[in-house]
Ligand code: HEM
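One chain is shown next in structure tokens, namely the form predicted alone.
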Amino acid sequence: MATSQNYKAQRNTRVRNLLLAIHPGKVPAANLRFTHTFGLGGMALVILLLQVFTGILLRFHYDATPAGAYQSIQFIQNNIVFGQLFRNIHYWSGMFLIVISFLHLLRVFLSGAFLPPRHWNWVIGIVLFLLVVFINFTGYLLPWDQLSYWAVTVSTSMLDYVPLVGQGIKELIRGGAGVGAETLTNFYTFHTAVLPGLITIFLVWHFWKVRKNGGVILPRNTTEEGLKLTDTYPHLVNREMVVALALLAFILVFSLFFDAPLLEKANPAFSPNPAKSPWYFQGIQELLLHFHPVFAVLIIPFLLLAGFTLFPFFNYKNATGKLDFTAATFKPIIVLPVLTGLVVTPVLVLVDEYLLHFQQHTTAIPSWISEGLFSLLFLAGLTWAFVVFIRLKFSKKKIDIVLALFILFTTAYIVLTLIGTFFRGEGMQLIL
């Protein structure tokens, strides 16, 4: 009996030491509240581990050649015990990982955890999110069916619009002028080796930065009761285990009812109509229908990404780790940008689609000016009017304005993604 108790004590000590390498020994009681973080960071880690596990199983039977890729996927689905289920889990967990990683970034921003001294961890989080998107993108081609082949063809073709270096980058990614065997080899290597290695490095760095900063940031208006320290193990750990098990159960049930898509084998000679990029690039593909290609593919995404990355480095007065907007303005300053994005974005799409046709009336003006610079300046004017309204009606604090802009642009991109995914039919025409 004594030996058994000693063994259990040693095991608990080892578990505790492992967990304390990730978490502080004690955490404020306020940070145990599920609605403060929703467990999103832990969910992302669980899905990454699930991706690694199911990906290794799929590798045993996958053939990374145009001649064998499609047949190997069919073999996995039809001839391997639980092969269809494991492919479903791998596919859907990859899609959920993008969504959860985005929601985690959103939660970090809304809780003020992007401000100093946590600003560099925000940058690491942005890099991790981009790596998650690209590891999904490189895996998208591997089934080698019509859906994946033409989605990658469309996505990589966007690089042609990047001045000077775009075509070279496209051919480097593809391994040649078109999507072929070299492309599949490149994508398979990046998907199974290069990107997982980079994600591991940045993930360890990310957790170390969180640990160095004392764990998750405190909620705003934390009471004295919430500041009381509580043992991480078992209080926080048990909550994380429950969230992880619930997430795994959800993914399993979802994968039982919904199969990962697999169309007919890729045919380079026949393009589906419409040919669309993966859903997470649909916002950019939608922009291509309304802006000059250089602005849609390069300038606008670069400005948004640079702005989101540099938000923490602006000079915020009185911002010391928590967002300093007041409770009276917090909800309106979030609801208003969401409503503005939901209403104004589709209205602008409809106006440009059916009314403006600006280029037809300005043939003497280069398209990069009429469809690019003028359109961008018009959007900049609308954004400035929005900022003026926020300053007059809600708050003049820079932190509040940054919050409103972040929510506005995020909502606008989501709307563009939904329009491109669900409301574009043959010839990329708008449909109901």
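Note that residue numbering begins at 1 and tracks the sequence as displayed. Because the structure is a prediction, the values reported are computed rather than measured.
Omitted from view is the form predicted in complex with the ligand, to which the following refers.
- Message: So, G125 and the ligand: in the predicted bound form, are they within 4.5 Å at any heavy atom pair?
- Response: The answer is yes: G125 has a heavy atom within 4.5 Å of the ligand.
- Does the ligand get within 4.5 angstroms of any non-hydrogen atom of N121 in the predicted bound form? Yes, N121 sits close enough to the ligand in the predicted bound form that at least one of its heavy atoms falls within 4.5 Å.
- Heavy atom of L48 within 4.5 Å of the ligand in the predicted bound form: Yes, contact at 4.5 Å.
- Using 4.5 Å between non-hydrogen atoms, is N88 touching the ligand in the predicted bound form? N88: no contact with the ligand in the predicted bound form.
- Which of 113-121, 260-268, 158-166, 247-255 lines the interface with the ligand in the predicted bound form (heavy atom within 4.5 Å): Of the options, only 113-121 has residues within 4.5 Å of the partner.
- Considering the ligand in the predicted bound form, which of H104, H292, R174, H191 comes within 4.5 Å of it through any heavy atom? Selected option: H104.
- Among the candidate residues K276, R220, K170, H206, which is the single one with a non-hydrogen atom no more than 4.5 Å from the ligand in the predicted bound form? After the contact test, the surviving option is H206.
- Task: Would you confirm whether the three residues I135, G139 and L198 all fall within 4.5 Å of the ligand in the predicted bound form, going by non-hydrogen atoms?
- Result: No, none of I135, G139 and L198 comes within 4.5 Å of the ligand in the predicted bound form.
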